[in-house]
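Quick setup: one chain, the form predicted alone, written in structure tokens, and binding and motion questions come after.
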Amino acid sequence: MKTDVAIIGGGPAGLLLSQLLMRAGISTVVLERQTRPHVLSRIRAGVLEAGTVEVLKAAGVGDRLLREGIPHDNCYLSSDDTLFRINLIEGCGKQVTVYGQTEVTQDLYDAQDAMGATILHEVSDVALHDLTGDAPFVTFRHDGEAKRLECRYIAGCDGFHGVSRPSIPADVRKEFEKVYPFGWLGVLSRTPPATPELIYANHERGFALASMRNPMLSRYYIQVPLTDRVEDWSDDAFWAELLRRFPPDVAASIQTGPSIEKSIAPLRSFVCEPMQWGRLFLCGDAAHIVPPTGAKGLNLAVSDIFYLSRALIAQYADGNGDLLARYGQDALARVWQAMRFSWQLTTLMHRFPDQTGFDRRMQVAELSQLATSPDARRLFSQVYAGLPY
């Protein structure tokens, strides 16, 4: 098999890159370890930055997003029983859109199918070869057969546990990581959202988040110890704990119901440098992980794809490799800013096991500054709604 760009990983990052490149006449093959139903069953992020919406529209997958996505002009933060609003339009002139990652992935699959894209599922034993030469290739197994894919470039979109990042020599990679001492227990329920906007809550019992996927699908989270298991939490226990962590008027508006999905996710901040090695380019979770507090995971993957697709299209259009040579530099500049925001918001809104009285006073002071200072809300809004590319 031969193609211009081999894409390792068929999640939203890999599918979006394939979509943008194919629209520019650049051939791709996508290799995905899981089945398509498995990829579409992943419950992930639901808050899209303004720039992410524009990239998806440019890729030709914005129609349903514009019809069904829920624009948000505000978000709310609470500290114990106080609640205040951050007006994004006032702060930066942008809004975010609530539209689940599952929906983004479905839209990309539909668009790729319509274009006749080559997407191979249930691929195993993937290995990347000759990454610093002029003719890299990928070997793998599919349908019980050993296969070889020759290409000019390889995009590693295969997530934190994929093969792409480890294909960069260990003495070249620098990895930066912070692991947080708690996780998020998330529940999805077929209930109307508590409020029209997201609420991030800092409470003495721990963090909580009220969010939504659509007008009849709500997503709630609570901070839990890393030792907890999903089996430890019945639906009744989850709802009781969630209600304790919001101000009384918010708690009164929450409709409870049976969970249709329940999971616990650990939190970490992680960045790998460099994001390119020879003809291999890392994108999304293969290169970086953010705690979900700032809703930056999918948005950072999209910004990586924006930079990489732009660079590859320029290379194929006129042989100009300048953008390709600085892909990692451009992507990492945005990654570290989003990393800072996610780390800061995580530190601000959670209760830590070793937290001192001084640490708590600092949280209160910073929340007070956000509540009272237009300048503080403006800076928050700029990153929350999305830095420019």
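For every residue, the number given is its place in the sequence shown, counted from 1. Not measured: the values here are computed from a predicted model.
FYI, the form predicted in complex with a small molecule isn't displayed, but the following is about it.
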With a 4.5 Å heavy atom cut-off to the small molecule in the predicted bound form, the contacting stretch among 81-89, 213-221, 171-179, 238-246 is 213-221
Partner-free chain; cross-checking the small molecule in the predicted bound form, the single residue of 251, 111, 209, 131 with a heavy atom within 4.5 Å is 209
With the partner omitted here, the residue among 64, 57, 44, 360 that in the predicted bound form has a heavy atom within 4.5 Å of the small molecule is 44
Does any heavy atom of residue 198 come within 4.5 Å of a heavy atom of the small molecule in the predicted bound form? yes
Does residue 193 reach the small molecule in the predicted bound form, with heavy atoms at most 4.5 Å apart? no
Next on the checklist: Given that the small molecule is not shown alongside this chain, does residue 136 nevertheless sit within 4.5 Å of it in the predicted bound form, heavy atom to heavy atom?
Outcome noted: no
Answer for residue 292 alone: is it within 4.5 Å of the small molecule in the predicted bound form, judged on heavy atom distances? yes
